[in-house]
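A single chain, nothing else alongside it, follows as structure tokens in the form predicted on its own.
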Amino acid sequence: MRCKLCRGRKSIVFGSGNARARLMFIGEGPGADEDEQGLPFVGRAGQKLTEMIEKGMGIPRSDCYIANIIKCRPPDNRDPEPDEIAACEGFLYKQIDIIRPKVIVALGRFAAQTLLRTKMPISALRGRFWKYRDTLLMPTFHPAFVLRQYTPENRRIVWEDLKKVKQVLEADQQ
């Protein structure tokens, strides 16, 4: 009941996955499927994310933790507003502090810009690591964008980003 989004939601979509995950994915906010089920990334974009994690990176999705910037679905899937972000920010920070991932992947423009407090486009943010809350953050395209703009180039770009994440995780285990 912290912001106006509570009026239209069915579920609070807090997050899911391994509480000791070394890899965390953060998206913008829940969509219709997520609102219905109360879990993040369960719709078409979630299926694409699972494919990116499991087939692309060779990591079980259950080994990761997945959350969003905001915890309730905005009407018509619009971008979250500043007051809505502020209402949920403390929850996200606590999730990050408890899980203490080695790497966070920011999924899409909105998540990357919000976490990094910038207006830079995702095309300028992705492809390199940023320091964020004592961990590394890799911005990349959102799985929904990959589905909408499915080209070999976009697929390659996301794969290159995730390959860098995988290399950091593998180096950390040695």
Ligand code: URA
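In case it trips you up, residue 1 is the first one in the sequence shown, and so on. Not measured: the values here are computed from a predicted model.
The following text describes the form predicted in complex with the named molecule, which does not appear among the structures shown.
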{"property": "Which of 127-135, 145-153, 114-122, 35-43 lines the interface with the named molecule in the model of the complex (heavy atom within 4.5 Å)", "result": "35-43"}
{"property": "In the model of the complex, Thr140 touching the named molecule (heavy atom, 4.5 Å)", "result": "no"}
{"property": "In the model of the complex, residues of 18-41 near the named molecule [heavy atom within 4.5 Å]", "result": "Gly27, Glu28, Gly29, Pro30, Gly31, Glu34, Pro40, Phe41"}
